[in-house]
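A single chain, nothing else alongside it, follows as structure tokens in the form predicted alone.
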């Protein structure tokens, strides 16, 4: 009898332990990077999700952007990746995404909420033509900023105030005059990025993509912009540390602009939140329309995707998180608080959470750039060849600036790099 009582008591204890473990929430992990306050906003939204879904706990691992680019693909390929991530190199993870379609209650909502070309950027081809691997949680457009205060101090008119179409050459000359008149250290700068260089190159008339799908780097428009870009460095009107680097690292061009050391800065809409916070009332800054040329006035589209990975042990729970984040109220809050251009097509009127007039104006300027984006720009960003093209352009132009290559040789080698990368990708 005593043995039975002891056994019964142990059995009850075991059942109790199992019940406690059965109630433990599923833990999901998101690998994330920040440009500004996005991680804080995401965490607020996820806190509400967890309150409504106590069986799921979401951990956000915030890492450097280079970790997303360089280490995350290796982790995912090795089966050691997170459940979800914020990514920009969509091609690097093809074949590893989780198709959410069978776990979602309303797939029509997903398909109606985002541009088809954007959702398709995550897919590989006919075999997954209707797959839903993730969603864009921000849309970006590249374009320049100016320090208007410096123009006013120099007594020089801002070219876009009176001209509908201003070329890169005209902006360069104006920025040089302002820098000289005000004693500002640098006139103009561009982020160290093939993506950032592409918009100006397209405006100058570059044609990367032929009708037959082939890619050509050295076209007249591309060479024109490359020559102007090299000239910036030759004349010392741009901070060399941004592209050439120092001690194995590269300087952020944004820092020069924020510190008032730079007249004009080619970046994009993702910097708005940071400028609103970091510049304050130190000077008047603003976004200006992309310069014009034979290829029109175009920047580059871009943005980030929130994606899920197939190796997750909890696909249904991952889908619940993704579906929560994609709902109108949550994406609207994310967009308004992070000061990004919305990727969702149905958010309606937005009330961006900033009292900074410059930020509100900049958002409107970048929104007006979207209809001007060229077909070449969309093809580069969403056609599956972006990193195979952008990285060689960045690296070979850097070698021109360091004196390792002539521009002629750099363009030829960039072409070979692109050809090799595309051939390897097709195998």
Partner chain sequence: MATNSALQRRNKRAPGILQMVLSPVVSLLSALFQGVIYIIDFVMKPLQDRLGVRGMAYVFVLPNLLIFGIFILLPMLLNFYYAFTGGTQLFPQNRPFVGLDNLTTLFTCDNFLDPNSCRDDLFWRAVFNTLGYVTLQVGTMVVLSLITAMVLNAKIVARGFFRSVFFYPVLLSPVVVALIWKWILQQNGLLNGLLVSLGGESVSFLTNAAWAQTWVIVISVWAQMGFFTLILLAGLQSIPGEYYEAAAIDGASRWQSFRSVTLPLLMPTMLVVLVLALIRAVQVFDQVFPFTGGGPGTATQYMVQYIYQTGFANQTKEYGLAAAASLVMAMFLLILTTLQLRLGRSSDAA
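Note that the structure is a prediction, hence the values are computed from the model and not measured. Positions refer to the first chain, counted from 1.
Keep in mind that the form predicted in complex with the partner chain is missing from the display, and what follows is about it.
Trainee: Could you confirm whether residue 49 comes within 4.5 Å of the partner chain in the model of the complex, counting heavy atoms only?
Mentor: Residue-level check for residue 49: no, no contact with the partner chain.
Trainee: Residue 155: heavy atom within 4.5 Å of the partner chain in the model of the complex?
Mentor: Residue 155: no contact with the partner chain in the model of the complex.
Trainee: Is residue 107 part of the interface with the partner chain in the model of the complex - any heavy atom within 4.5 Å?
Mentor: Heavy-atom contact with the partner chain at 4.5 Å: absent for residue 107.
Trainee: Any chance residue 244 has a heavy atom within 4.5 Å of the partner chain in the model of the complex?
Mentor: The answer is yes: residue 244 has a heavy atom within 4.5 Å of the partner chain.
Trainee: Given that the partner is absent here, state which listed stretch (340-348, 166-174, 122-130, 247-255) has heavy atoms within 4.5 Å of the partner chain in the model of the complex.
Mentor: The contacting stretch here is 247-255.
Trainee: Tell me, which of 230, 316, 74, 115 has a heavy atom within 4.5 angstroms of the partner chain in the model of the complex?
Mentor: So the residue touching the partner chain in the model of the complex, by this definition, is 74.
Trainee: In the model of the complex, which of the listed residues (275, 97, 186, 139) lies with a heavy atom within 4.5 Å of the partner chain?
Mentor: Looking at the other structure, the residue within range turns out to be 186.
Trainee: Using a 4.5 Å heavy atom cut-off, are 224, 352 and 363 all in contact with the partner chain in the model of the complex?
Mentor: No, none of the three is in contact.
Trainee: Counting only heavy atoms, which residues in 194-212 are within 4.5 Å of the partner chain in the model of the complex?
Mentor: Result: empty, none.
Trainee: Report the direction of the Cα distance change between residue 192 and residue 251 in the model of the complex, compared with the displayed form, as closer or farther; the change is 3 Å or more.
Mentor: Relative to this form, closer in the model of the complex.
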